[in-house]
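Only one chain is shown below, in C-alpha cells, and it's the form predicted alone.
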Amino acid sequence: MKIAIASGKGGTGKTFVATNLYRSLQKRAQRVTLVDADVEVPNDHLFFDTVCTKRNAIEELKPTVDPEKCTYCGKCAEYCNYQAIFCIPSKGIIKMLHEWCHSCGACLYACPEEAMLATQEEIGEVNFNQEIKEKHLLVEGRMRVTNNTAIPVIKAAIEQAEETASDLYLVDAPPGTSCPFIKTAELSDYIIMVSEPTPFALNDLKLSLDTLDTLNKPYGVIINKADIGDGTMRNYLQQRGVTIIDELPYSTEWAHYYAKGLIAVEHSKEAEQHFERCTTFIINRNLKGKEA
C-alpha cells in the first residue's frame, strides 16, 4: 500500500510527519520504505544516517537537430505547442530550447526530412539510501535544476521503490496542488493531508481535497499545530465529513528536534504517543486494503 503524505502549501509540517511516521511504523515492526517524491528539494535523507547504495539515472526524450538533413522548413516549430524550437527559415537558423521541451515527440513526427533525432537527456535520478545502523531503505527522487517538469522523476521514484520488499510505502509528496501533487496522488492508494489551522493553509487544503475528490482518492487529515487556531479548520473538516487522523500540538521542543535533524518520536514521549495513533490508523488501513 502506498500512502502519500501531502500538503496544500509548503511549511505545514509534511516532511516532519512523513519522517516520524516512517520511524514510528518501524517501531511497530512494519516493513516500510520512505519515498521522497518532493524531487525539487528532497531532504528526508538529512534526518537519517544513510549511505547511497544505488543510483539510477532518469532520462527523457529531448530531440536534437541533424544539421546535415535539416532544410529549415520550420514544420517542427509549427508542431511544437511549447515553443521549444526557435527557427528562422529565411536565415537558416534553428535552435532547440530544451528547457521548454515537454518531450512530446511532435517535432519527430512533423519533420519531413527526418532531421530530428530522438536523443535522450538525463533529467534526474533515483537514489537508494540505506540507513547504516538500522538497515532500512529510503528511496529518493532528485530532479536536475535545469529540468522543467518533476513528473517523470516522481513516477520513476515511486515505481522503482515498489521493487523493494515492503508492505508499506510512505511517499513524501511535493507541496501544493499542481501537477506534481496530482501525479503523486494518482500513484498512491491513500493520501494523508498535513495542514495547519491558518487561513492560508485552510484555503489550500480545500483546493487539495477538491482535487482528491475529482481523482476519487481516499484521504484523511492531520492537523499540525492544532492548538494555535480557533477551531475553524476542525469545524470545516467535520462538516465535510473528512477523517481527522490526529491533531498534533504546537511544540517548540519538536521544532528544536526537527531543526537539528532529529526524529521527534525518538526523543519525545508525547510525540511517540501521537504518532502511535497515526501508525495504528495506517496499519488498520493497510489491513483493510489487503482484505479488499
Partner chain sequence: MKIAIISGKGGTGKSTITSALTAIAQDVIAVDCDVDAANLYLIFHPTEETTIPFSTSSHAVVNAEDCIGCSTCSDACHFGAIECIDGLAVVDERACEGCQLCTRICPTQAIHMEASKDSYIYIGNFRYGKMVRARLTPGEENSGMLVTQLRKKAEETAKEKGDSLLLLDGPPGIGCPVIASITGVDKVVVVCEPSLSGIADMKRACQLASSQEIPIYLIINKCDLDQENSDSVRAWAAEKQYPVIAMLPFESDMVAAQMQAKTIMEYAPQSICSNELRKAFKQLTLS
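Numbering follows the first chain given and starts at 1. Keep in mind that this is a model prediction, so the values were computed, not measured.
Below: the form predicted in complex with the partner chain, not depicted.
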query: Among 187-195, 170-178, 128-136, 89-97, the region lying within 4.5 Å of the partner chain in the predicted complex by heavy atom distance; finding: 170-178
query: The single option of Ala156, Ala106, Ala84, Ala115 touching the partner chain in the predicted complex, heavy atom within 4.5 Å; finding: Ala106
query: Contact assignment for the partner chain in the predicted complex, among Ala29, Ile228, Val51, Ala57, heavy atom within 4.5 Å; finding: Ile228
query: Contact of His102 with the partner chain in the predicted complex (heavy atom, 4.5 Å); finding: yes
query: Any non-hydrogen atom of Val145 within 4.5 angstroms of the partner chain in the predicted complex; finding: yes
query: 4.5 Å heavy atom contact, Lys9 and the partner chain in the predicted complex; finding: yes
query: Glu163, heavy atom within 4.5 angstroms of the partner chain in the predicted complex; finding: no
query: Partner contacts for 177-212, taking the partner chain in the predicted complex and a 4.5 Å heavy atom cut-off; finding: Thr177, Ser178, Cys179, Ile182, Glu186, Pro197, Thr198, Pro199, Phe200, Asn203, Asp204, Leu207, Asp210, Thr211
